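Single chain ahead, written as structure tokens, the form predicted alone.
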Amino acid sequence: MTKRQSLHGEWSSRWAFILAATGSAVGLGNIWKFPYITGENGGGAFVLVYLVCIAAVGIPIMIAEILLGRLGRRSPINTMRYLARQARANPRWQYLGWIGVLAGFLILSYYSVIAGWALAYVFRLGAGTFSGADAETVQAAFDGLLASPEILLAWHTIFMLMTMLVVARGVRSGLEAAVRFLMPLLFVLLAIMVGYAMSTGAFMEGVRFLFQPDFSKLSGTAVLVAMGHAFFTLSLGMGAIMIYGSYLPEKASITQASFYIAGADTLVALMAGLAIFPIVFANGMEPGAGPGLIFVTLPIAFGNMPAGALFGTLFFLLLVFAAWSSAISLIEPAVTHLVEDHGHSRIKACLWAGLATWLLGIGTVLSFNWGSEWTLFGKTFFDLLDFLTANIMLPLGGLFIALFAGWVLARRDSERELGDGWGYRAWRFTVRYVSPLAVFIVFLRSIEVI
């Protein structure tokens, strides 16, 4: 296969790529979703299954997606078009690229709105809004935020502007410069929050909840939730890892980088659990509080603890940074497509992609207030987008990435990029048989076929 160069530049080093891809993987899923689904599914046993799924499903598909990106060196659409042609395969494989680009675009349209909630809470906690507040007051404040389309739209707009300002600057000046700042700061903030959790008097209770398995609490549904989250938390199937892989220097090890990224992503999720659960237990709250754990339960706790306003502000700042690092990767595939196929400058491509994403996000804004009664198949606009992307597009994207890398791509091409030792043979077996089967089961479960 002919060696290609990216039209959009390269990361300055392997570590720049690892930081960027970790930033893509680390997001609301780690700090918002992982703690509450762990709480809902019994703690330690769920975490153990999740870690096994990261190793058996997440890492092999991540290696495959980075591999395809570096071989193609273009947007996901043009990468799949080129690789299918080189493999003399059906040209319809390019639709895999379209699934990734479209999924990233759709996800960012509602992700930006939820990130806007976190932005709003940075200022609310900083202003001491929840100092001494009871559960009813905090719930009313959250309900009031969702009921105001003007406020939600303002925060959605600010977050989209933050995202597009980074992406418009390109690979090294924008994406790389941002993650070099955001990712170390994110880990520092997390470490501060874990340190604070140690002072609550319930830290060991939180540790036991996270790491002491009780398999009596583990259901079949919990196993599927763990498998699904292990897949989604690594940003697989949405074009982001593929486009970031297209900027990866030739000599960098794909396998090694994938293990570092998955390790860092998992570490952030576990640290988030260590920061959150001791605070929850110290205040006599339920770990299985669901999605409201971050925006309702924690503000009550922060409002009733010493220096709660300071640490609450730091926590939501952490949430914003995690969302920001993911958001810049979600829009990047669409921007590169506009540059390559429509001849736009990068700034013009950012303007068009950003405007389209912002406009679609208005549908999510209205889903929580004026448009809450506008439903299709019993789902609001937000629920429909969330279901379409998380339950259909991403699993299908991951499934076809595994099938293409394992069955369509010439063995000599993957072997040349990944090496020919026992590690390569283990990856090839896993990506051909284990990962596709696991993702397919998650897909069937998520659309409620089984």
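What we label the rigid core is the largest C-alpha set whose atoms superpose within 1.5 Å from one form to the other. These numbers come from a predicted model, not from an experiment. Just count from 1 along the sequence shown to find any residue number.
FYI, the form predicted together with tryptophan isn't displayed, but the following is about it.
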Taking heavy atoms only, is Y196 within 4.5 angstroms of tryptophan in the predicted complex? no
Quick check on L403: any heavy atom within 4.5 Å of tryptophan in the predicted complex? no
Is there a heavy atom of S326 lying 4.5 Å or less from a heavy atom of tryptophan in the predicted complex? yes
Touches tryptophan in the predicted complex: I63 (any heavy atom, 4.5 Å): no
Taking 4.5 Å between heavy atoms as the contact cutoff, choose which of C350, L330, M160, I261 touches tryptophan in the predicted complex. L330
So which of S109, S367, T233, T297 reaches within 4.5 angstroms of tryptophan in the predicted complex, heavy atom to heavy atom? T233
If you check in the predicted complex, do G72, N78 and A334 all have a non-hydrogen atom within 4.5 Å of tryptophan? no
Tell me which stretch of 276 to 284, 225 to 233, 369 to 377, 309 to 317 has a heavy atom within 4.5 angstroms of tryptophan in the predicted complex. 225 to 233
Using a 4.5 Å cut-off on heavy atoms, which residues of 382 to 406 contact tryptophan in the predicted complex? L394
So that I can tell if P35 moves, could you say whether its C-alpha shifts by at least 2 Å between this form and the one not shown after the core superposition? yes
C-alpha of L186 moved at least 2 Å between this form and the one not shown on rigid core: yes
